[in-house]
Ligand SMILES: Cc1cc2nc3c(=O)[nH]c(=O)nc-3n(C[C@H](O)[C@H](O)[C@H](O)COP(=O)(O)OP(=O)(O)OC[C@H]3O[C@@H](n4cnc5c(N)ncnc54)[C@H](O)[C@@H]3O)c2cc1C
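Consider the single chain below, provided in structure tokens and representing the form predicted alone.
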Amino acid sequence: MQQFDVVVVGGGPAGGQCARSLSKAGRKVLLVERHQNFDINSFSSAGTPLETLSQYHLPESIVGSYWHKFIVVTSSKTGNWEAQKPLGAVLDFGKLRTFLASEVSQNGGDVWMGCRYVSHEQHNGQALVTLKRAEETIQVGATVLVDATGPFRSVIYDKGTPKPEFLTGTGIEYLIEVEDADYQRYADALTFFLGYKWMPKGYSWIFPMEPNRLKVGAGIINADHQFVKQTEPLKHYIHLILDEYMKIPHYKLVEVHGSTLKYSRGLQDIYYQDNAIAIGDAVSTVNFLGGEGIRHAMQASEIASRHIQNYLDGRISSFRDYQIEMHKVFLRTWNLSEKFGMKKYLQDCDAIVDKVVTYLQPMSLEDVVDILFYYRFEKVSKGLPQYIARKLDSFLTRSLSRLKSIYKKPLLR
């Protein structure tokens, strides 16, 4: 039976980055991925701020496109923000995972594709991990076992163990190929759709990928809306964007993919159990307001990697401090993000959504990125003076118009 310092189950951004960091540190690592290749189930839209590339030393080859525009379309308004230079990228999700796995191999780690986690049990401080590849059942030993299986949480919860109630979200995305003129209309921009018309209880989007390819998707929170009582299937909203907003007469449907997110409100996930530790979507590392998860998954994986190394070196005997650090880093800002997200997607009426876009419109794109991606919600107040000025100007204009109409009327005798 092969022995490893760490077995990471799941080759997404969290699992790949964790295995990459540990293998680079000289640990004996096995990365297990259930699919035969990373092009299968390429479910993430993968929009992220530009600094993600430098922070995690990611190559330009994994970038689908760069963006310097941000567009929000509501049921009756459109907000546009633009910067002079790129502020973010749309990553090719399959290429990102392939790159991370290749780095694991180059650092001396093992990567087993088409390999499925079955179970594990404890024996003398080791995790005996049962895996299945094709028809072969394999057992390996691990000092630390990492659950990077996302919403499945396959490792941290034993089979048959009841899971707590999660807030779930479902998304579907089309990858389409279009003519160059159609592509250029949406290149360099992240376009989002909010409101009853485009996507009640969630949002829809258009993201540019490599030339002539666009991602068009819709995501919904599976919970009750304060006003909207019935919604259409997700594909209805995707086709609404294609037909009514984009008005593209001809496109090639390259791929349809989707996924379900299971989010623990207040970050009440199980972070560790014995020598098993959970990372990524298995502990709800996603920006609830914006749906962004890749950057957070990689950041959380770096945190986990440090604690795993301390555990391997005997400096700690449990992963309690990992959970404490994760809450210290994420809990406050994510609670705010969750609060604003729940309000935006499940409570606000169309009129409120329109007001938010109007309120944010005078801000720079840099400020909008800071608010949505970096939780700098204090910057929201920057829009207040302009908003009040516009309201006052509108009020004075209406009042003056009324006065003029009054004085134009003949006096009654």
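Please read these numbers as outputs of a predicted model, since none were measured by experiment. A residue's number is simply how far along the shown sequence it sits, counting from 1.
We do not show the form predicted together with the named molecule, though everything after this point is about it.
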The stretch from 325 to 333, 257 to 265, 179 to 187, 307 to 315 that lies within 4.5 Å of the named molecule in the predicted bound form, judged by heavy atoms, is 257 to 265
Looking at the named molecule in the predicted bound form, do all three of 97, 152 and 171 come within 4.5 Å of it through at least one heavy atom? yes
At the 4.5 Å heavy atom threshold, is residue 355 in contact with the named molecule in the predicted bound form? no
Taking the named molecule as it sits in the predicted bound form, is residue 73 near enough to touch it, meaning that at least one heavy atom pair lies within 4.5 angstroms? no
So, residue 193 and the named molecule: in the predicted bound form, are they within 4.5 Å at any heavy atom pair? no
Using a 4.5 angstroms cut-off on non-hydrogen atoms, would residue 348 count as touching the named molecule in the predicted bound form? no
Interface residue in the predicted bound form among 272, 81, 93, 198, criterion: non-hydrogen atom within 4.5 angstroms of the named molecule: 93
Name the residue from 216, 104, 297, 278 that puts a heavy atom within 4.5 Å of the named molecule in the predicted bound form. 297
Which of the residues spanning 189 to 224 lie within 4.5 Å of the named molecule in the predicted bound form, based on heavy atoms? 205, 207
